[in-house]
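Take a look at this single chain in structure tokens; it is the form predicted alone.
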């Protein structure tokens, strides 16, 4: 077999980049025999020259100037792994200007500046490969672009943030949010500042990318209804379990009967025995429904050194094949097509719902509550109670399907009742049917 060599320049040599280099050293022979390509690290830009590197960098030119790596004539493919949207954006745009394909795991960059980046890639016949930006080692972007390309995508439900899923898994065992977060930080799943994970921003970026690929129109993360898990209570986990559900931070992307797409990331009750419901700890789970294939399920490690490195390696091989075959001209990374008619207002998101509040132990209390909910156009499926203190009874209601606008009207109505404590918690409920 004729082996073609392509030389790799890394922007950043942190955890993931080190994993990529290690894998290339370890599996270089296997990769060449399988792909016909030899991928050789030749240059890297780092923040600190004296930092300890967790990989063998023999033969790699190390410096501190990212642009020097990008413009190095020895570099055929640029791998951006520094994150953020400042220097990373400049690096990517310069590489594309020079006609060099880019591999990146930077979901924020792709989400926020995707249109600009893909336009640049198309204009210079370069390419952007970003499998590692969503769901770590799960090849979900390739599945959407290729494996499911003949399907009209009906819906995507996905756990896309391993940190939040780990926290919720611990809370399902009785830990408080604070204790579960501390454990996640101890295990290395959560950063010292976990805001992007627990408030839903990370999953929102990923959901926007999935929706963009599924429907052919680039969606910014600002268009995603986003709610995190910071206010989650153990009582909600217990009520959910009592009814056969688990709570997950779920990306819910679906097309309605008018062809409009709704994109949301929020805590959601799902059946505990479903593939999504059994996706625990730091793992990701993604369920995609296509009109031809039906339901498909993807499961695996959504983050971490080796899982993300695996996705970067796949992108490097795809970039190498494109260079070898001269097909970069049609592999900009994103193709526009008419897969939807636009966005549906978040207020029209149609779902079942979970409602929790406390009521006074007085006659006709539930009659008042049920009347307020019914007046809002919401139909009740079931009601459950737990023993309370000081005359306040924790109460949980599951509804039939209603719009987000209707359930918010129900919240306001319940909070105005004199027989409730004024605090109402509402989460989406998805039976995944």
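Computed from a predicted model, the values in this text were never measured in an experiment. Positions refer to the first chain, counted from 1.
Beyond the structure shown, there is the form predicted in complex with L-homoserine (HSE), which is absent from this document and is the topic of what follows.
Interface residue remark: residue 302 is counted as part of the site for L-homoserine (HSE) in the predicted bound form, having a heavy atom within 4.5 Å. Contact check for residue 197: a heavy atom falls within 4.5 Å of L-homoserine (HSE) in the predicted bound form. Interface membership of residue 351, defined by any non-hydrogen atom within 4.5 Å of L-homoserine (HSE) in the predicted bound form, is ruled out. L-homoserine (HSE) is not drawn, but in the predicted bound form it has a heavy atom within 4.5 Å of residue 189. With L-homoserine (HSE) left out of view, the stretch that reaches within 4.5 Å of it through heavy atoms in the predicted bound form is, among 264-272, 222-230, 235-243, 200-208, 200-208. Residue-level contacts in the predicted bound form: of 279, 212, 310, 163, one residue has a heavy atom within 4.5 Å of L-homoserine (HSE), and it is 163. Between L-homoserine (HSE) and the residues 157, 255, 100, 107, the one pair within 4.5 Å by heavy atoms in the predicted bound form involves 107.
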